[in-house]
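Let's start with one chain on its own, the form predicted alone, as structure tokens.
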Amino acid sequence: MTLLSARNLTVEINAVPIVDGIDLDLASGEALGIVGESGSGKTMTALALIGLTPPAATIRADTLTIAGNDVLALDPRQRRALGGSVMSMVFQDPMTGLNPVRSIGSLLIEAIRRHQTIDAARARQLGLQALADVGIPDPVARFSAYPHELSGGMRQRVMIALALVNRPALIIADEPTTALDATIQAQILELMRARMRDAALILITHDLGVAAELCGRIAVMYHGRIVEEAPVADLLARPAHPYTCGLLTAVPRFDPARPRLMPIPGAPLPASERLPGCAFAPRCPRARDICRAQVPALAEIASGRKVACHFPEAVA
């Protein structure tokens, strides 16, 4: 069953396209990883789905449905009702995502009672269990703590507990394990994997290893567009787009025989700058005249594999 369907999703801020005509499909129980450099449009895509874009942003799409709801046809009140129950998001910065004058317990109780018809005592029990699930020691003591009294990793775990406590159908996680040590990161990934049995996940990350462990598919974004999408094993073994190849050669590995890291030359274009051709052409070692003159369409090159490149790597 398709849980999320987006066609030609575009987000503009002051007439500048930050997300430029992307398509997404996600079924219940499926996990999609979205990777790319900072500024590629990953987080703005997530904010557009959940309805939390800045006031200056304009969202357009031919189709945007989540769990059968036509998101663009909903008014703000109706969209807020979906947040937390049908879809939820783990934000990248837990310090700004939590209210500094509210205790952790009050935030959890409010989130639970907004979407579940239960009394405060039962909501407290669910909140304590949610904190225990994400590995917070002594949940009873932490329940009355304020965000500034917790470490960065513990604040991130609180954000994850808030996102998962109402068992939403769609979970969007924006760098959910960045502030966590390796042991807690493994615990959080296992918790998310368990919740995916009856939910879908969009994971935004710079860590291809985390994406490979949790996701079935990966979409690579560059300058507001998806430039490659493939099953995770295929993409890691045989990347087709030069940008994906560059990302993989820049990943550190503990292998003495591996050549030195090869960073991608240059820097991404500012969002406000548009080229007549491929946005990656100024950094691409294989760019030719057509690359600088014509934007490549995202096209299927093999079963389940799409790439937006005039000269992709062979994947057969």
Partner chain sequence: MGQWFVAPILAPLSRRLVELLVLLFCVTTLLFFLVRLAGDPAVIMAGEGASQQDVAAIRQFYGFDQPLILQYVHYLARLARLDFGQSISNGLPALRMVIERLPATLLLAIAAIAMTAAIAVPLGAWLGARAERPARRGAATLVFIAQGIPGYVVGLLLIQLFAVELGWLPSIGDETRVSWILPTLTLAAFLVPKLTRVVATSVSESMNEDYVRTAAALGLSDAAILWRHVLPNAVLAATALLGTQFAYLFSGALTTEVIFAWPGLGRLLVNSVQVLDFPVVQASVFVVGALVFAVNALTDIALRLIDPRLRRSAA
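Bear in mind that the values here come from a model prediction, so they are computed numbers and not experimental data. We call the rigid core whatever largest set of C-alpha positions still superposes within 1.5 Å between the two forms. Numbering follows the first chain given and starts at 1.
Keep in mind the form predicted together with its partner chain is missing from the figure; the text below concerns it.
- With its partner chain left out of view, the stretch that reaches within 4.5 Å of it through heavy atoms in the model of the complex is, among 131-139, 91-99, 200-208, 214-222, 91-99.
- Looking at residue 115, you'd find a heavy atom of it within 4.5 angstroms of its partner chain in the model of the complex.
- Though the partner is left out of this view, residue 148 does reach within 4.5 Å of its partner chain in the model of the complex, counting heavy atoms only.
- A residue is said to contact a partner when one of its heavy atoms sits within 4.5 Å of a partner heavy atom; residue 105 fails this definition for its partner chain in the model of the complex, lying far away.
- Its partner chain in the model of the complex comes within 4.5 Å of no heavy atom belonging to residue 287.
- This chain lacks the partner; the member of 281, 26, 269, 52 within 4.5 angstroms of its partner chain in the model of the complex by a non-hydrogen atom is 52.
- Think of it this way: in the model of the complex, its partner chain has a heavy atom of just one of 80, 122, 193, 167 within 4.5 Å, and the residue is 80.
- After superposing the rigid core, the Cα of residue 78 is displaced by less than 2 Å between the shown form and the other one.
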